[in-house]
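Next up is one chain by itself, shown in C-alpha cells, the form predicted on its own.
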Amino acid sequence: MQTRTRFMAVMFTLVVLLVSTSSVLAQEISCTVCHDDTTLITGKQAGLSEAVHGTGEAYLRGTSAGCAGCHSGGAFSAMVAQGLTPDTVEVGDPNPTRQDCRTCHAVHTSYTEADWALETTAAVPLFAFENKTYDGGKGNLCANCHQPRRAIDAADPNDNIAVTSTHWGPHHGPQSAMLLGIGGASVGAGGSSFHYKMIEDSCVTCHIGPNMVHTFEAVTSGCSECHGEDFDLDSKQDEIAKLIVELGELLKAKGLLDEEGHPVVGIYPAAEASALWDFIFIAIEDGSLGVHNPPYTRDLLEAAIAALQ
C-alpha cells in the first residue's frame, strides 16, 4: 500500500511538472511574437528616446496631483484605467516615470500582439469647454493630455482681464482644441480643421505614420496625398511665423510680454489680454506654425495684431 501511495505521489508530481513546463514553454513561445531577433521593439525605443515624451524631462512634475495624469507615464495609465481626466486626478505619483511603451500600450497583459493595443481610443470631452468633444480615432489617446487646462476668463465689468501669473494661458497641450477651432480668445470658434475632419486617426496618422516612427515628429511625406507634390509647407509656416513675430513685438511694446517671452502679470484691457492669450496659444503652446488649423490660426493672429495697433 505504501509503495502504491509513493508511486501515485511521484506520478502526480510528474504531471504537475509537465503541466508547469508546458505552461512556461507556451508563455515563452507567445513572448517571441514580440521579443524576437528583429528591431520590432528596439527600433521604437530608439525613436522614443529622442522624443520629449520619452526623454522624461518633466516627469518629476508627476509627483504633483495636478500634473501627475500627464507628466508621469505610470500615472497616465492609472488615470485612464480609472476613467479620470487630468483635472480630476487627486494624488501625485510617488514614483513617477517618463512616458514609455507602457504609457500608451497594453504591454504584457496578453503576451501576444494584442499588447500593442492602445490604452484607450475613446472620444475625449474637453474639460475646459462645455459640450466640446475630440473624436479623432487613435489620436484620442493623445487628446487626453493634449487639451487646454483652461479657457480665458471673461472680462470684468470694466472690460479688463487679469493676467495672474507668468504661466498664464491655456497650458502646454492645446493641440486638440486648435484642431477643433476653439480655445482662442480674439475671435470666436473658427471651425474644425480639415486635418481633423479628413485625416483618419488624426495625431497618430501625422506624428507616427505608416512606418510607426516613435520620435513623434510630423510625418510630412503624407501631405502630398491631399496637397499635391508642389505643396510648399515651409512657405506656409513662414507666413505664420512672421505674424507671430509681429504680434510678439507688439505685445512687448505694450508691456504684456517680457523679453524672455513670459506674460507680465497685471490687469489689461480685454482686447490686449486676449491678444496675449492667443500669442501663447499659438506660438508657445500649439507649436505647429498653423499646420493644425491654418485658417483659425491666421484669424487669431490677425485679430490680435489689429487689437494692439
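Heads up: residue numbers just count along the shown sequence, starting at 1. If you're wondering where the values come from, they're calculated on a predicted model, not measured in any experiment.
What comes next is about the form predicted in complex with a small molecule, which is not displayed.
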Looking at 31, 267, 245, 253 here, can you tell me which has any non-hydrogen atom within 4.5 angstroms of the small molecule in the predicted bound form?
31
Interface check vs the small molecule in the predicted bound form: of 78, 162, 128, 118, the one with a heavy atom inside 4.5 Å is 118
Applying a 4.5 Å heavy atom distance criterion, does residue 168 contact the small molecule in the predicted bound form?
no
Heavy atom to heavy atom, is residue 189 within 4.5 Å of the small molecule in the predicted bound form?
no
Can you work out whether residue 222 and the small molecule are in contact in the predicted bound form, taking contact to mean some heavy atom pair no more than 4.5 Å apart?
yes
Do residue 204 and the small molecule share at least one heavy atom pair within 4.5 Å in the predicted bound form?
yes
Within 4.5 Å of the small molecule in the predicted bound form, do 61, 104 and 226 each have at least one heavy atom?
yes
